[in-house]
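Just one chain follows, in the form predicted on its own, and it is written as structure tokens.
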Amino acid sequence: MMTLVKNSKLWLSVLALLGTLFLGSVQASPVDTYEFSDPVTQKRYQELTKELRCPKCQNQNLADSNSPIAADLRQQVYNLLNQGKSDMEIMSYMVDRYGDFVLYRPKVKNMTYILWFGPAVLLLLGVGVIIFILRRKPQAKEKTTLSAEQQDKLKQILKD
């Protein structure tokens, strides 16, 4: 009877843990119930919401963010798609409204050079510094020769 009670407590604990984990993952993703006219439009919507960054959240795209602004932007993307706008027009609309920050892959231009090329430049500088340090020759040692008097003195010291 005691083992039956212990086993049921264990099973209840496991179920409670799994329920908590499942509920936590369900609450983490936003649920939008948009109806699309065709699967291509739905696919475009999904790709656009993955390419656009939530202006409020850190490193979350519109598809993954639960913030109210992300929900508004998802609605805006849906409306623009239904108006027949192309992906470029939707991206341009978002950039005009929120700046390049809203793009996960901003275009290469003067303001984004450091973002695109900075890591490569730093890597090349690091490799250059390492090569410079490794190739740097030690300073040449002056050849010192002992005079005849010094050699005699050295021989006497060694004999002693």
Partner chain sequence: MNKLIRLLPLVVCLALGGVLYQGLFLNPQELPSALVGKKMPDFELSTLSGETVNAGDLKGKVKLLNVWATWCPSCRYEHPYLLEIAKSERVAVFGLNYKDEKEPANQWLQQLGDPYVFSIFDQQGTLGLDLGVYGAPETFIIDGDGVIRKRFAGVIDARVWQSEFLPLIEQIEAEQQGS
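Positions refer to the first chain, counted from 1. Rigid core here is just the name for the largest C-alpha set that superposes within 1.5 Å across the two forms. Predicted, not measured: the structure shown is a model, and the values here were computed from it.
Omitted from view is the form predicted in complex with the partner chain, to which the following refers.
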Which of these residues, Arg97, Arg105, Lys50, Lys43, gets a heavy atom within 4.5 Å of the partner chain in the predicted bound form? Arg97
Is there a heavy atom of Asp72 no more than 4.5 Å from a heavy atom of the partner chain in the predicted bound form? yes
Give a yes or no for Lys109: in the predicted bound form, does one of its heavy atoms lie within 4.5 Å of a heavy atom belonging to the partner chain? no
With the partner left out here, check for me: in the predicted bound form, does some heavy atom of Trp116 sit within 4.5 Å of the partner chain? no
With the partner left out here, check for me: in the predicted bound form, does some heavy atom of Phe101 sit within 4.5 Å of the partner chain? yes
Considering only 34-64, what residues come within 4.5 Å of the partner chain in the predicted bound form, judged by heavy atoms? Pro55, Lys56, Gln58
So with the core overlaid, does the Cα of Met111 end up 2 Å or more away between the shown form and the other one? yes
Is Ile69 among the residues whose Cα moves by 2 Å or more between the shown form and the other one after superposition of the rigid core? no
Taking the rigid core as the superposition reference, indicate whether the CA of Val40 shifts 2 angstroms or more between the shown form and the other one. no
